[in-house]
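Given next, in structure tokens, is a single chain: the form predicted alone.
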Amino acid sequence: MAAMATLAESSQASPLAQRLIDAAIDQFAEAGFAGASTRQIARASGTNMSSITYHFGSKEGLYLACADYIAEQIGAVHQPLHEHIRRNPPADAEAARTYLLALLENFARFMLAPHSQRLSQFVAREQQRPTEAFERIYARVMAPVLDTALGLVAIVRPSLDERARRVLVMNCIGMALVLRIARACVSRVMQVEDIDSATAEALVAGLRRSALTLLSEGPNP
């Protein structure tokens, strides 16, 4: 497994390897690891199956390379704000609340963006039946963001114990996740064929208001 991981990571600079990863994400998101066809992945990439072995060692190696790429793409969405918070820690509860709302809005907008669909489908499958791919995505993207959010909540809601803080963070994250994971339901409730820009702005504004209520000092969630 270690050899495959190293090979997968080192192949990112190759244009052919990237085409394989792009095609594989679509296949894995649609059919899962077991159902995805390496033959179809190779065909969609304009190459042959031996290229998968050459660049990634195996189907599993390709799957892990997809996870690494997804972690990189999602991480790039959060990295600027995350780095800003790290370099400029909040001086008080109001600053911490502002950071939390910015993190949540950033995530919500990514969930609403069209290009997040295939990445989210891949991650959603891993959420249901986690493998090493989930461990990689969690360690590289989810854990840093969640840890930052938990630290900010400790400043905003100091009366909450650790368990209550974790519940609050998951409640806030869940409001953003539903925008992608339950997109069809969201569209139906909002009475639109798909989520257009005006609907997206309304959803983000509503999410901010709901999060602000949760982040206000009051009874434990």
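What you see is a predicted model; the values in this text were computed from it and never measured. Throughout, we count residues from 1 along the sequence that is shown.
Quick note: we don't show the form predicted together with another copy of the chain, though the next part is all about it.
Since exactly one of L177, A42, I195, I155 fits, which has a heavy atom within 4.5 Å of another copy of the chain in the model of the complex?
Looking at the other structure, the residue within range turns out to be L177.
Would you please decide whether P130 lies within 4.5 angstroms of another copy of the chain in the model of the complex, comparing each non-hydrogen atom pair?
P130 belongs to the contact set for another copy of the chain.
Quick one: does L16 come within 4.5 Å of another copy of the chain in the model of the complex, counting heavy atoms only?
Because no heavy atom of L16 falls inside 4.5 Å of another copy of the chain in the model of the complex, the answer is no.
Should S50 be classed as touching another copy of the chain in the model of the complex when contacts are defined as heavy atoms within 4.5 Å?
No - in the model of the complex, heavy atoms of S50 and another copy of the chain never come within 4.5 Å of each other.
Another copy of the chain contact in the model of the complex: N106, any heavy atom under 4.5 Å:
Flag for N106 set to no.
Are all three of L146, I181 and L214 close to another copy of the chain in the model of the complex, meaning a heavy atom of each within 4.5 Å?
Every residue of the spot touches another copy of the chain in the model of the complex.
Within 119-142, the residues that have a heavy atom no more than 4.5 Å from another copy of the chain in the model of the complex:
The stretch 119-142, when checked against another copy of the chain in the model of the complex, contributes Q121, A124, R125, Q127, Q128, R129, P130, F134, E135, Y138, M142 at the 4.5 Å heavy-atom cut-off.
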